[in-house]
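Below you'll find only one chain, the form predicted alone, shown as structure tokens.
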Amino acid sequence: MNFDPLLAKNDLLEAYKLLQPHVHRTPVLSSHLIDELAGCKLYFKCENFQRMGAFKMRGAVNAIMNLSPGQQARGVVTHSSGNFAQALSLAAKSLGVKAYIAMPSNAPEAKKAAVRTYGGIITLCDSTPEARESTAAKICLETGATFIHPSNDYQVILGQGTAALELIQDHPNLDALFVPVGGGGLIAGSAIAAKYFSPVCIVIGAEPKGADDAFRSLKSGKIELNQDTDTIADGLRTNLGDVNFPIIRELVKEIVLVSDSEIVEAMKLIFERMKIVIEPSAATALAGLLRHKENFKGKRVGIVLSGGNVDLSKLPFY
């Protein structure tokens, strides 16, 4: 299903109702010290406290619940090396559905173990996008399972947008919302939420300089690809798709770029001052706000902390 502005408001509300029994309503936290550094009032939507540790649980649950009973009986398939592999596996297990995951053989062993713990059936493949896609297609053909894209799927986008909807419900007077940008599902869903439930709130994406396809895409008006990526924010090394990009192009005000050093500093700030665990991808949104804080002096700004699945033995602070 493609984005229809006339239907999107009700579609998002339907997703919100469907998801309530299956996902956590994550807390919104704040920090006086970070507010002072930023020069504005910040509200952090903590999806690091979501089931399986990231916002992607929302989209996975919504996508599965919108399948027909026959489709659910045959299972679901995705390709992922990280959070969506875990999200789809756990969502499927919770709903009594089989989940098949095409996973790169060089994915961290801890992530493979997490997928298996959640009940996902892994097929290993090469790490190239072509290998992932062809392996997932083969699984679909062999099992009859339905493919669910990690970010370029309307029902996934709606599910991801419920995080911003909850933030807006808790704090309806936001002036701006900063969201990390990777595959585009989270920011597209967040932009739908802001458009229909907080129309004065502008949505701004934050993206690493080493994976700047969304920044370039918004500038050129067409999908630009990353030929190579070089960023600590491993969850943001993916490209936009033909379902989420039209939403982003229509509803997102701008996308700002940040360096890896800025991401690490923002991550460290949240660890030290808020006493919570986040991954580098999640810190990108705060890094974007801090880089452009002069534009938001005295404003009320939401920050989506997208997840907390970080390898604690490899923290970038040292």
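In case it trips you up, residue 1 is the first one in the sequence shown, and so on. Because the structure is predicted, anything quoted here is derived from the model rather than measured.
Note that the form predicted together with a further copy of the same chain isn't included here; everything after this is about it.
A.B. asks: Thinking of 274, 309 and 312 as the candidate spot, does a further copy of the same chain come within 4.5 Å of a heavy atom on all of them in the model of the complex?
C.D. replies: Looking in the model of the complex, the three residues 274, 309 and 312 all sit within 4.5 Å of a further copy of the same chain (heavy atoms).
A.B. asks: Only one of these stretches, 59 to 67, 245 to 253, 287 to 295, 45 to 53, has heavy atoms within 4.5 Å of a further copy of the same chain in the model of the complex; which one is it?
C.D. replies: That would be stretch 45 to 53.
A.B. asks: Indicate whether a further copy of the same chain has at least one heavy atom within 4.5 Å of a heavy atom of residue 41 in the model of the complex.
C.D. replies: Contact check for residue 41: no, nothing within 4.5 Å of a further copy of the same chain in the model of the complex.
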